[in-house]
Each structure stands twice: as structure tokens, then as C-alpha cells.
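Structure 1 and structure 2, given next as C-alpha cells, are two forms of the same protein chain, each shown alone.
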Structure 1
């Protein structure tokens, strides 16, 4: 009796939860309402079977419960019942699979007029590539991938020279226009998913997969990787911004072509030396850093990271938060660098300065910090040397007090939360796992990496 009641309550509770629950699909923002219809049909079929079977079980428990003097009737075979069950199961499976097959046929049939955009996945971010005026993407190869050519573009392919490179996890698309999204991974298995678009596809190393959709409303939509791709999988996120056509064109034109990235002049250390004079007052003549002035060591840091942070200060992605007292001091200093050429020059000069490890200043348990560094090492390297492919700067030999301060800032949202800081949010997620003592222990361990 009790078991029968429990089964009935399970059915009633499940049905009520489905219809009254506030958790369901996000509002659709693409043409793929077919996907929703397919899922709804699956819910109806499986829900009907769930209700019928559980109510039948409750009936059987009640109707055929043990009673003295009434032995069970043994019936090993019932061809009529078996045939009915096979037929019902077949119809149910067809009802679930057939709509999916029709949806899949549309999913792989890309409109001929749909322009192409490529999504490049790597641990742990997304970048994008548009074809240029020729309408064709240039060829790529893993052997060409480097810090200067992160997309792996073939420098000898003329079709790739006008390709527009988006070195940012933010992708813009025009509204009400179909787009074919080609997907490529340069390291491990990833996935490209925008829940509001109801379209997702795996990104497989060595293959080019694809999907297509038509954005139907403007707005910002989060991109997720839905394949476990490593320790920072949970932080692999991006954004799709659906614009009106003029806004999309303006955004697209603000990014360089592959040819333009190749013609950028390398930094001139001699020209950067007088520019660095402004930096000397705080960071020191040898860029050794000065804790008393809250200026970290710069010498030895990766040039790509120094350039990115100087640009972040100039763009307001850093140094604008109310609680970022020392960042606000750095912002006007970065503003003295007039353009990218000036930034490249001052960074080139910093690269000529001696890389003397900063003296340890943080007290912590280095042995315990080693365990915490297992997580950090996935991005920053096993010995804290930094890895451009994961956008992770060098840690070893740098200012430990600055590391502690920035981890605290990431954790509290003082740094990494700005909309223009494309990679800061990843670090914010990682810093959230550390408390104050664990942060000190981590810094103490990094101090041993000399």
C-alpha cells in the first residue's frame, strides 16, 4: 500500500514540477524552433511512458499484493502482450527519432548565401576569423601556430591575407542573416554552444566541423564549451553580440586582417628607452619593481602580456574600478603611450633589461602551496614560466606581493570583471577557489621556482 502511494506521488510530483518549475529553456534567439519542437515531442513520449508505467506499477502493487490463500499465477509467455509491447515501443521510438532526423536534415543543409565565420577553440578561450573581401577563408596549418600567428594562418596563401582576425572571445553577428560557423580546435576536444540559438557542435582537433543558424534578435548571448576540455573547462566562455548590420560592419572593420598583423613593425628598444623614463619612477631603472610604490617587477615578463595590460589600462579595462587604488595610478601612465607603436617600443626596451628574480616577501607554507599550484600550472606552466597559448603570464621570479594583491582583486571583482577585459573573468573564477592563507601559501611556493 505504501509503495503504491509513493509511486502515485512520484508521478504527480514529476508532472507538477515539469509544468510549474521556473527552470526551462532560455528564450530562443534563432531560427531553430525545430529543435525545441523535437525536444517537446521527446518530453511527451517519455513523459507518457513514465506516467503509464509508474501508475501501472502502482496498480499492480495494490491489485496483486500478497494475500493469504491466493497464490500467484505463473504465466511464462504471452505472445499477445509481447507483440503489443513491441509495437508500442517501436511507435514510441519512431515518434522520438523521426522529428530529430528531419531537424538534422535541416541542420546540415546550410543556405547557399550564408557567409562563413570560423571559431577557433583552445584551452581555454574562443577566437574568431572572418573571410575578407574575397569571401573565402585562407588555409591554416598547425605547424604555423605561434605567438605571432595564433590562428596558424598559411602565410603563402593569398586567400588568407584579407582574413579578419578576432583575437577576442567576443563575436559579433548581424541580425536576421544566416551564418555558417566552421569550428576548429588547436589542442583538445572542445564544443561551441549558445543556448539561446539551440545550436551546438563539437570542435575536434584535426577536423573542421560546422553548424548554422540565423540570429533573430539583437542582444548579448553567452558562449560555452560543453565538452570537458581540462582543468579550466568551466571558465571557457565567450560572447556573441547580435547587432544591426551597420553596427556589425563597424565592429568588423575595427579588427585587423592577417596581412595587417604581419606588417606591424616590431618594437624599437632604442625608441622605447625615453618612453620608459616615465615608468622608472615607480618600477625602477631596471624594471625590478618597488613594493613601497606598489609597482611590480616588469623585467622578464612576456612581451605579449605587457602589451595587453598596457592596452587594458588605456582602454579602461583596468584601473577604473572604484577600489582599484593602484590601478588608477597606472592608468594615466599608460595614457602617455600614444599608440600601439609606442607600447611596442617601451615593451621592447623592457625586454632588454636584466631579469633578476624579485626577492621573496610573502610568508606562507610552500609545501601546501604546491598543491594549489597544480591548478595554476595547467595554464601558467609546470614551473610558472607562463604560456601564451593559454593567455597565462609568467609567475616565477616575479613580485610575490603583487601576485597576492591581484589574486585578491580577481576574487573580489576589482579586476577581471570589466566588459573589455576579455580574459580576466577566467582568472576571476580561478582565484575564487583560494582563501587568504592559501593565496600566501601559493605565493610562497612560486617563490621557490627560480
Structure 2
């Protein structure tokens, strides 16, 4: 009695949940309506079976419950009935499978005229590459990967010289134009998913996989990695911005070609020296940092990291949050550097300064910090020396009090939450798991790494 009622309630509840709950597919933003339609067909077929069988079962439980003197009917089998049910099931399966196979045929058949964009996955970020004017991507090889050539471009391939390199997790695409997305990974398995596009494909080291779609409306969309790729899997996010054609062109042309990244001269330390004079007041003549003025140690920090942060300050991606008091002080200073060349020069000068470890100032339980550092080490390196490949700056021997402040800023969204801060959000995810005490413990442990 109760069981039959509960079964009916569960069936009714499930159907109501399906129709009334606010949780379902996000509004589609690509041409893959066929996929949504197949899902709808599948819902009708399976929903019908679900309701009918379960209600019939509830009926049986109620109608044929044990009553004295009412024995069960004896019937070993019924070939006709079983045959009819098999036939009906087969028809239902065909009703779902046929449209599915047609949709899949379309999904893997890329329009001939679709332009290509490449997505490069790495722990734990997305980068992108457009073919240049020649419409063809240059060849790549893992052997060429370095800090100067993060995409592993073959320097001798003429086709690659005009490729446009997007060294950030944000990709822009023009609306209503089909696009073929070629997917490549340079370390482990990753995945490229935009829920609103309904499209998804893994990225496999050693292979180029692909998918295609036509964005049908403008807007910002999240990119997720949906293939487990290590500790920061959940923080591997990107963004697709679908623009009108002119805005897309403008965005695309603001990025350098491979040839341009190669001609960027290395910074000139001599030219950087006078520029550094401004910095001396706070960061010290040897860039050793000054806790009293809230200026961290710079010497010994990775050049690519210093360059990125200076650009962030210039762009307003950092030092613009209301609560970021000291960041706000840095922002106008960064603005004094006129262009990328100036940034390169000043960073080159900092690189010449002696790297003496900053004195420890934070007290905490280094032993506990050691355990917590397990996670940090995945990106920042087991000894905290920093890893270019994971965009993680050096931690050891740097100002520990600064580390504590920044972890707090990341956690509270004061740093890293700005839309233009490409790598900040990832650190935000990680900092969120630490409380104040753990932060101190971590800093204390990092102080022991020298």
C-alpha cells in the first residue's frame, strides 16, 4: 500500500521536478539545436517508459498484494508478450538512435570554409592561436617549448610566422561564423567545453582533435576543462567572448604574431637602470623590498612574472580594487613606464640585482605549512622556485609578509578577480582554501626553503 503510493509519488515528483525546477540546459548559443532536439526526443521516449513501467509496477504492488486464499497465477512465460515488448523496445531505440546518428554525422563534418582556431591546453590554462593571413597554422613540436616560445612553434616554418598567438585564457570569436576548433595539449589530457555551445572534446598530448560550431549570439561564455588533469583541474577555466565582426577583428589585431614575439628584443638592463630610479624609493636600491613601505622584494623574481604584473598594473587589472590600498599606490608608478620596451628594460635591470633571501618576518607552524604546501608545489614547484609552465611565480626567498597579504587579497577577491587578470582567478580558487592561520604556517614553511 505504502510502497505503491511512494512509487507513484516518486514518478509524479520526478516529472514535476523536470518541468518546474529552474535547472536545465543553459540557453543555447550555437548551431547545435539538433543536439537539443535529440535530447528532447530521448526525454519523451525514456520519460514515457519511465512513467508507464513504474506506474504499472505500482499497480501490481497494490492490486496483487498478498491476500489470504488468493494464490498467484501460474504462467512460466508468454512468448507473444515478450516478443511484442522486445519489438516495442527496438522501435523506441531506433526512434532515439536514428536522429542521434544524423546529428553526429553533422557534428563531425566540418564545413569546408570554416576558419580554424587552435586551443592549446596545458596544466592548468587555455591558450589560443589563429592562423595569420595565409590561413594555415604553422607546425609545432613539444621540443620547441620554452618561456620565449610557449606554443612550441617551429621557428623555421614560414607558415607559422604570421600566426596570431593569444597568450591568455580569453578567446574572442565572431558571431554567426562557423569555426573549426583544433585542440592540442602540451602535457596531459585536457578538455575544451563551453556548455552553451553544447560542444566538447578532449585535448590529447600527441594528437590534434577538433570540433566545430557556429556561435549564434554575442556574449561571454565560460570555458571548462572536463577531463581530470591534476590538482588544479577545477581551476582550469577560460572564457569565450562572442563579438560582432568588427570588434572581433580589433581584438584579434591587438595580439602579436609569432614573428612579432620573436623580434621583441630582450630588455636592455642599462636602459632599465634610470627607469628603476623611481622604484628605488620603495623597493630599495637592490630591489630587496621594504616591509615598512609595503614594498615586496623584487630581485630574484622571474622576469616573465614581473613583466606580467607591471602590465596588469598598467591595464588596471591590478591595483584598482577599492580595498587594495597598496596596489593603488603601485598602479600610478607602473603607469610611468611608457611601453612594453620600458617594462622589458626595467625588468632586465632588476634581473641584474643580487638575489639575497628576504629575512623571515612571519611566525607560524612550518610543519603544518609543509603539509599545506603540497598543493602549492604542484604549480610553484616542490621547492617554491616558481614554474614558468604553470604561470606560477617564485615564492622561496621572497618577502613572506607580502605573500601573506597577497593570499588574503586573493581569498577576498581584492586581487585576481578583475576581468582582465587572466591568471589571477586560478590563484583565487586556491587561496580560498586557506584561513589566516594556515597562511602564516605556509609562509613560515616557505621561509625554510632557502
Partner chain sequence: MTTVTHDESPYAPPAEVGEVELYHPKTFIGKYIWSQDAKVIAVQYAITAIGVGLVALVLSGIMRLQLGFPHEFSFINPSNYLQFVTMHGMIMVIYLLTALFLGGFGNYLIPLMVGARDMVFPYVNMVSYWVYLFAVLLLMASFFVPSGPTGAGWTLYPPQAILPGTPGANWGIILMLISLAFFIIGFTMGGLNYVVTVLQARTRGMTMMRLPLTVWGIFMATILALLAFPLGTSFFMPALVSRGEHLGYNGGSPILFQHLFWFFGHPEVYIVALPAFGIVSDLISVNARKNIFGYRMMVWAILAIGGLSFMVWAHHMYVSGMNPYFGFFFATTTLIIAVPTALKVYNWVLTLWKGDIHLTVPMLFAIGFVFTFINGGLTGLFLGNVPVDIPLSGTMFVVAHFHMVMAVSPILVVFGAIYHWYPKVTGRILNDTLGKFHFWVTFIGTYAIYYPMHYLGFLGVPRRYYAMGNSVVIPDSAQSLNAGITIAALIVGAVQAVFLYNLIWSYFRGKPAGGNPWRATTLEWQTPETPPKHGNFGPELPVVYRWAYDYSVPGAAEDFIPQNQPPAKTPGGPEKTLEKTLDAAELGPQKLDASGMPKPVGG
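Keep in mind that this is a model prediction, so the values were computed, not measured. Residue numbers count along the first chain shown, from 1. Heads up, when I say rigid core I mean the largest set of C-alphas that superpose within 1.5 Å between the two forms.
- Of the two forms shown, the one predicted on its own is structure 1, not structure 2.
- Superposition on the rigid core between the two structures places the CA atom of residue 28 less than 2 Å from its counterpart.
- After superposing the rigid core, the Cα of residue 401 is displaced by less than 2 Å between the two structures.
- With the core held fixed between the two structures, residue 59 has its Cα displaced by at least 2 Å.
- Look at residue 72: with the core superposed, its C-alpha moves 4.5 Å between the two structures.
- The Cα position of residue 92 changes by 3.3 Å between the two structures once both are aligned on the rigid core.
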